[in-house]
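Starting off, we have a lone chain in the form predicted alone, written out as structure tokens.
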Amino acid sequence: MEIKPITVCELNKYIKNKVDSDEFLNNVYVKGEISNFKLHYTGHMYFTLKDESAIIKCIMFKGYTPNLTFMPKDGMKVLVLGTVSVFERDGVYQIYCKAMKQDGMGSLYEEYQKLKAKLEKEGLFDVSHKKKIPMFPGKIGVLTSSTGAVIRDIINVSTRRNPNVHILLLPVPVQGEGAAEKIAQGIRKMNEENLADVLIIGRGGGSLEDLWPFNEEIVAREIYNSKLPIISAVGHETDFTIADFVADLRAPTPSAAAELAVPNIEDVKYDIYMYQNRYKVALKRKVELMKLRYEKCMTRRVFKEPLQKINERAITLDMLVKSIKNSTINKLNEAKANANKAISKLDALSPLKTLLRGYSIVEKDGKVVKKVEDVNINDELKIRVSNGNINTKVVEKVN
């Protein structure tokens, strides 16, 4: 008898029905440590629950998440209540969580939080210590695995944005034992030999354990002591490591790190082109403005008749000279008239005028005789008349 084959879909559906009919699997209460946690933009939560020897995928739909009293994170130890079922399309079974509560935190996560608090207290995360990423780096140093997708993404993005940039890869292990020491050595080597203008350290996404080398103190301190600016690009956008907090700049992904480190040459060219056009327009406007000012100046009378102002000033000067001359003459005439008046007054009071009216002046020894007592008999006297002098002698005095 020939056995009729069934489709994969039919097999998955059969398995799903078997699992769904198991009462124990319809209401399981499981404890474990969260790993690979993802909060989807729809509000659903996807994560893996693990213990020392096994893992199981879990999902909590958006309708159940509002009941949570905490935000799940990698490394947390939790207790979940839910149903085990099969996702037919992929043929995988997972826990559909209805409730979840904390059951303490994983040892790695506790260590992560302790180191983060310690380094933050020491000031390794301070913004004041962050170095500026160079605007146009010539050499980009990359510390990552030589076989992973990270270096390919960085090369693709960097060369697309600027084909002239040089990328120097220093291969280092990015997970596992001894990886942190190798990463720290790579950072020191890049600094001691000044091999790049900016460094990118990173790797792809993973669990807390996978990313752990970037959470170790030796790496954090080498990043802090680095003279070269460092961009941290570890994991996915939702992953945060100690390296991210210490680095001068954090990139959500390695590709984003390349975009932050390497300017888009086409954007730079466009900016230069726009600046050139802007300066050309500004210069043209300046020339036009100066031309208008020149033409306006040339239409002024001072440029059309340059001697006009001089002639006007000459006329004004002649008028001032004439005014001064007239004023001087008037002052002289006024002074002359005043002098004539004074002379007339003096002349009217002059004794000579008195002589012309028939009077005479008698003098004795050069002094005018005013009284009979001023002379004696036989004194010689001088009598001054209008046209001369008469000398005489006193022969008699009559009172």
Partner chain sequence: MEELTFEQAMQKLEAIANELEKDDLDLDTSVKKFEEGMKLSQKCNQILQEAEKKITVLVNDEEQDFTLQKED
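Treat the numbers as computed from the prediction; the structure is a model and nothing was measured. Numbering follows the first chain given and starts at 1.
There is another form of this protein, the form predicted together with the partner chain, and it is not shown here; the text below is about that form.
Shown alone here, Ser327 lies farther than 4.5 Å from the partner chain in the model of the complex, counting heavy atoms only.
None of the heavy atoms of Leu317 is located within 4.5 Å of the partner chain in the model of the complex. Using a 4.5 angstroms threshold between heavy atoms, Gln276 counts as touching the partner chain in the model of the complex.
For Pro134, a non-hydrogen atom is located within 4.5 Å of the partner chain in the model of the complex, even though that partner is not displayed.
A heavy atom within 4.5 Å of the partner chain in the model of the complex is found for one listed residue only; from Ser323, Thr299, Ser128, Asn164, this is Asn164. Interface residue among Ile310, Met71, Leu283, Leu292 relative to the partner chain in the model of the complex, by the heavy atom within 4.5 Å criterion: Leu283. With the partner chain left out of view, the stretch that reaches within 4.5 Å of it through heavy atoms in the model of the complex is, among 113-121, 176-184, 224-232, 154-162, 154-162. Of the residues in 256-276, those that come within 4.5 Å of the partner chain in the model of the complex through at least one heavy atom are, in sequence order, Ile265, Val268, Lys269, Asp271, Ile272, Tyr275, Gln276.
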